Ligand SMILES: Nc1ncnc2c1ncn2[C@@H]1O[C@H](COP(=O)(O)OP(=O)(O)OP(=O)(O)O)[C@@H](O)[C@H]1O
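Presented below, as structure tokens, is a lone chain in the form predicted alone.
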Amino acid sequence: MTLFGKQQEFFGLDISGTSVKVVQLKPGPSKPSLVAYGGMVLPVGSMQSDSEVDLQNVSNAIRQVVKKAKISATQCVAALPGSGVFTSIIRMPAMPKGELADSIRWQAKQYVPSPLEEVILDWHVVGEHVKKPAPGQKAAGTAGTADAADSAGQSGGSGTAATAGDKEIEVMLIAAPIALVRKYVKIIGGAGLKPLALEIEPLSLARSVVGVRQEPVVVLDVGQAGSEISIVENGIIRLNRNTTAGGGALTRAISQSLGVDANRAEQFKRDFGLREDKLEGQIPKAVKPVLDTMVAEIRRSLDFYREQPHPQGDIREMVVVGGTARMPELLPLLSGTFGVEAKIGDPWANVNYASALKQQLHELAPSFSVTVGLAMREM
């Protein structure tokens, strides 16, 4: 099992804090076709627990969903929550492949916040550049940008006139806690399935709702437990940030402010959202502190990205996914605040499916974005 690699005959499995979702695709001449999909809600707190009973309950839920959806594969690619995994893009001198693994492991000690013996380390060469010359010094030549490699440690780019000493490579570094990986492997195995690979959610989202586009795009995943902010450029995750300001925090804020139970608050959030003409504008006032936190994290991400040189241009688009993506007036708020076009991500746009499913899949799109991305791996 790897974080990167080519696999076949599998389905995408998304185990979040609140639900289990599955999608199986098959390759097609122009784009993959939908074979099966399904999902179910998990008992509250199931994935936050480490008890044998709770983990087996999650395994049983996966087994039920797979059976009900009529998934034919017994192998899966699953997503690890971005909040639990360290990711970073680092630059280092270009060197022979034989030396790269040891060098990256040494570099990782400087970046990964946990001891390396407590994490599974994976990496992926994503680009190649000529070093910037020192003041008064001319560059030896120019280098092309490498495509994302097919497997860990492989790079497809090559320079034109620069020597190896003039080049730098960009490496996506991923460090997943061993305990987290073992937990997911145990849950998947308990469902009678084989995990082919685990990957971080931002990679799945980049694949399903962005694709390989040169221009940078912000992906905002507003989940129940929190929100994840990614900036994707040419198919590469350039930045990834997490915040606890998610759908659950919005619901709790409404519940506490309006004095209603969680179910009622969730309904208010979905039906009225940020509309000022509903409930005398109480909901926008109640959720303002949560939204302020979310906005601040997005702004930090944008500011950090814009401080770096990016020949592909500025960010003009934000793709919003997750269960809260359809909250009324959220998209206009994001568009107005950041001066970008905010829109709901459509993971089904590059998937063939029966026309009779169009409306249902449209409604499920924000919640199934990670799952579809997992199922699209290597297609």
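Source: prediction; values computed, not measured. Start at 1 and count along the sequence shown; that's the residue number.
Although not depicted, the form predicted in complex with the ligand is the subject of the following passage.
- With the partner left out here, the ligand still marks one of 58-66, 341-349, 22-30, 324-332 in the model of the complex; by a 4.5 Å heavy atom cut-off that stretch is 324-332.
- Of the candidates 194, 105, 270, 91, 270 is the one whose heavy atoms come within 4.5 Å of the ligand in the model of the complex; the others do not.
- Interface residue among 284, 84, 235, 248 relative to the ligand in the model of the complex, by the heavy atom within 4.5 Å criterion: 248.
- Although the partner is absent here, residue 266 is a contact residue: one of its heavy atoms lies within 4.5 angstroms of the ligand in the model of the complex.
- Contact between residue 225 and the ligand in the model of the complex is found at the 4.5 Å heavy atom cutoff.
- Contacts to the ligand in the model of the complex (heavy atom within 4.5 Å) from stretch 363-379: 367 only.
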